[in-house]
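Next up: just one chain, as structure tokens, the form predicted alone.
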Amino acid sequence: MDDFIAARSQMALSLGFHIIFSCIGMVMPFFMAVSHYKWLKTNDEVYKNLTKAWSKGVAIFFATGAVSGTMLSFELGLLWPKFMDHAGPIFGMPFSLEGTAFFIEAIALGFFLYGWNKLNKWFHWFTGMVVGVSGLASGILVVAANAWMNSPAGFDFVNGQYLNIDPIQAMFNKAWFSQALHMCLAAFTATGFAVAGVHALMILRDRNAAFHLKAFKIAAVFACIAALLQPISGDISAKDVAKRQPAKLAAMEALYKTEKPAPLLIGGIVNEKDKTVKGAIKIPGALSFLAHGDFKAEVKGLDQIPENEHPPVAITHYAFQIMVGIGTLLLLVALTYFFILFKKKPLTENRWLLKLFVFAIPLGYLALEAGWVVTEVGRQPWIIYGIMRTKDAVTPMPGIAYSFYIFSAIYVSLSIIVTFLLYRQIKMVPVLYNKTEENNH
């Protein structure tokens, strides 16, 4: 494994783990706040217990997110020194603001976890909301920094010099809104379905049904609303990418030749040597419509882009197919759920629906990871799109492969610890939170 691939793999691995930790840390506080609000309004003890149970989950992911995020910030400097040397002063602002949001989140979480029966009940609820809002702000700010790599702004690039730096313009670049919107909805969809799925499994096993049913309903509503909105944000993103990064769009759709009108490919096996796609279902004119809002528009293929600026087509295309495929599937689950709610049928009678949610536990995160593969691999060979190549940014230090192995071990162990802690949390539900249910019987 050469150092360049090792550096990219280490970054991919770190981001791949961190994205899951941070998404849960961004979204869970909102679930917690809803159940806390319901407890304050109804005085139903089950909601109080649910809030406490979820808050422990939030604490676990806050800690792991902090660890994995801190590692990432060091990796940026250690693995990509040339990139940080030039880019740091330009897109440093969202990172410093993210640090601020992180500290606010940490303080609010401390208040929330230790404030039971000590703080004013509405102030206590408010601190829980602050955890969610600042977590979401952190996510948006980091995505703004990533969007800058896809759509550089806020400086003039003259003779290899970065002049007239404007950090505000760099932060609010052309890609930040579409990327942040798509990412936030993805976080709510993935986390909502995972949480709802875990509670659905417990309902199916008939353990503490009252507790898990309330938990399921809160998570499922968030997940399903986000899943219904996601295609709209995906459409905004696709039109944006078509304008700014034609090479990425061509790789996403494995479009080797410029076509007018261009078909949308579903599935298919890419042959990068012959530049062909076999066995794909073609929907005529659909890509033209998705990219430009017109069924007869021309879509730029890879034949119009210099060979040395082509992203890896197969990986990008497959990742894009996985993301869209799962997104469509979750959209159908969401529609089914709302249909059952509308019919006012009790959920416990529809065991097949609960099983669907159990099946969907990992799907949102698979789509999330696939989406990030599309974003990052689709931007190659650039680290700053159109300005700096990834291979020019990597550290000249030898032995990066060893650091990749060490980091892999750290992340795998982090994941095992998190899984164990969460498993213990779920196992403890009847012990910790079931006193009221027994008293009621």
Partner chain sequence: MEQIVITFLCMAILLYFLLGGADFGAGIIELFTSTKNRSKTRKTMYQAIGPVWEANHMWLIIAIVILFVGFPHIYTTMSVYLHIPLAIMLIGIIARGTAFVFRHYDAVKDDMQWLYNRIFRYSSFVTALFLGIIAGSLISGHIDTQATDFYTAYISGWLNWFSIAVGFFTVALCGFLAAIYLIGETDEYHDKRRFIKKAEFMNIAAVVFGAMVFIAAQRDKIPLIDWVFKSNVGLSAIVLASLSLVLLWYLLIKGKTKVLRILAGFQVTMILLAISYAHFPNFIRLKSGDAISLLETAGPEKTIYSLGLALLLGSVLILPFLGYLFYKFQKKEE
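Positions refer to the first chain, counted from 1. All values derive from a computational prediction rather than experimental measurement.
Keep in mind that the form predicted together with the partner chain is missing from the display, and what follows is about it.
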Contact label in the predicted bound form: Thr64 to the partner chain, heavy atom within 4.5 Å: yes
Close approach of Val412 to the partner chain in the predicted bound form, 4.5 Å, heavy atom: no
Residue contact check: Val299 to the partner chain in the predicted bound form, 4.5 Å heavy atom: no
In the predicted bound form, Thr100 touching the partner chain (heavy atom, 4.5 Å): yes
Stretch in contact, per heavy atom within 4.5 angstroms of the partner chain in the predicted bound form, of 312 to 320, 73 to 81, 219 to 227, 135 to 143: 73 to 81
Complete contact of Ile60, Gly92 and Pro398 with the partner chain in the predicted bound form (any heavy atom, 4.5 Å): yes
Proximity to the partner chain in the predicted bound form, single hit among Pro261, Gly268, Pro362, Gly115 (heavy atom within 4.5 Å): Gly115
Position in contact with the partner chain when the complex is considered in the predicted bound form, options Ile236, Leu356, Ile104, Ile283, heavy atoms within 4.5 Å: Ile104
The partner chain in the predicted bound form - contacting residues of 1 to 16, heavy atom within 4.5 Å: none
